[in-house]
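Quick heads-up: it's one chain on its own, the form predicted on its own, in structure tokens.
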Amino acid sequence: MHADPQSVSGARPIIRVRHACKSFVPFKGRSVEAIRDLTFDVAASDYVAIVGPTGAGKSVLFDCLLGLKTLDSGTIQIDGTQVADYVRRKSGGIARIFQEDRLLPWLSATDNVALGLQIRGVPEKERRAQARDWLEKVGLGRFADALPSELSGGMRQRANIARAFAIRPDIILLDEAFSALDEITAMKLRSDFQTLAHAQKMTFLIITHSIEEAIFLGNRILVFGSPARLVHEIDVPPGAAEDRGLVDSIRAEIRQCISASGRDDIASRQA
């Protein structure tokens, strides 16, 4: 179940993070270290869950993967290219799904899903047809003309997922994407997302505080300390989510690693 922290599956790495470091200074505050010497790979078609304590810099890492923030040191490569060059070269190569749906309230579900395609210059008839096709795939075909205010929270997040898939990105980043939903809705949406991602041979990374969600969606779990640094990695066997004993074992392993990393961090500051 344990893996070398820098190892990947047999597929080529699509994301390579090497010795990444990032700090920032809040308004009138002291410097805060968000990422510390972080190194890992993600292979094409990998499903990677990232877990760790709150405030561990996980969302900052996603910002760096999208080119929204730059590292202080270290490198991030996507598909063999430095992240800034990749973002410039391939618009829409990475899609991000947030906890909030972020749909535009004045646009229909179809036009919200088509928004990324519109930005990329896809003609109106074609982009609306693609958007409706993706709404069908996520079970919202009957609500193609509905405004976000006419949809439930779960339905809005389905539209958000359709929008991410519509641009056919290389990578999808899920930033606590299911945490705002009730558990029954979240379970169904996780399953539907997983089916779509596998069908599209999609590479995705998910930040989550739910160990059960990490086990269900990920074939690998990266355990981060705070600041963001890789302290442990777990390969998740197929069907692990249905084995209660294995789920409990993985949960205990993750909690032990996070607790130990916290003690090590305190000791290093006191040394």
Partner chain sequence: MVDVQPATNALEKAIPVLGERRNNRLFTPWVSSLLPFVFLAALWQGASYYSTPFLFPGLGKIAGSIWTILTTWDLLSQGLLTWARLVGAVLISLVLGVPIGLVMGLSPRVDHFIRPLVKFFMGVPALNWVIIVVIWFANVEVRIAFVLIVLCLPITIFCVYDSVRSIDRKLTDMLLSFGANSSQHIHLLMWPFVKAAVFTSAKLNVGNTVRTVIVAELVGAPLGIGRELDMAKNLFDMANVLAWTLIMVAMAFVMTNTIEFLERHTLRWRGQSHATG
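The structure presented is a predicted model; accordingly, all values stated were derived computationally and were not measured. Numbering follows the first chain given and starts at 1.
From this point on, the text means the form predicted in complex with the partner chain, which you will not see here.
Undergrad: With a cut-off of 4.5 Å between heavy atoms, is S152 one of the residues that contacts the partner chain in the predicted complex?
TA: Contact check for S152: yes, within 4.5 Å of the partner chain in the predicted complex.
Undergrad: Hey, in the predicted complex, is E100 touching the partner chain, heavy atoms inside 4.5 Å?
TA: Contact with the partner chain, yes.
Undergrad: Flag D145 as yes or no: does it have a non-hydrogen atom within 4.5 angstroms of any non-hydrogen atom of the partner chain in the predicted complex?
TA: Because no heavy atom of D145 falls inside 4.5 Å of the partner chain in the predicted complex, the answer is no.
Undergrad: Would L104 count as a contact of the partner chain in the predicted complex, using a 4.5 angstroms cut-off between non-hydrogen atoms?
TA: L104: contacts the partner chain in the predicted complex.
Undergrad: Among the candidate stretches 160-168, 71-79, 132-140, 189-197, which one is within 4.5 Å of the partner chain in the predicted complex when only heavy atoms are counted?
TA: Residues of 160-168 come within 4.5 Å of the partner.
Undergrad: So in the predicted complex, are L66, R156 and A180 all sitting within 4.5 Å of the partner chain, heavy atoms only?
TA: Checking in the predicted complex: L66, R156 and A180 are all within 4.5 Å of the partner chain.
Undergrad: Between 105-127 and the partner chain in the predicted complex, list the residues on our side with a heavy atom within 4.5 Å.
TA: Residues within 4.5 Å: P105, W106, L115, G116, Q118, I119.
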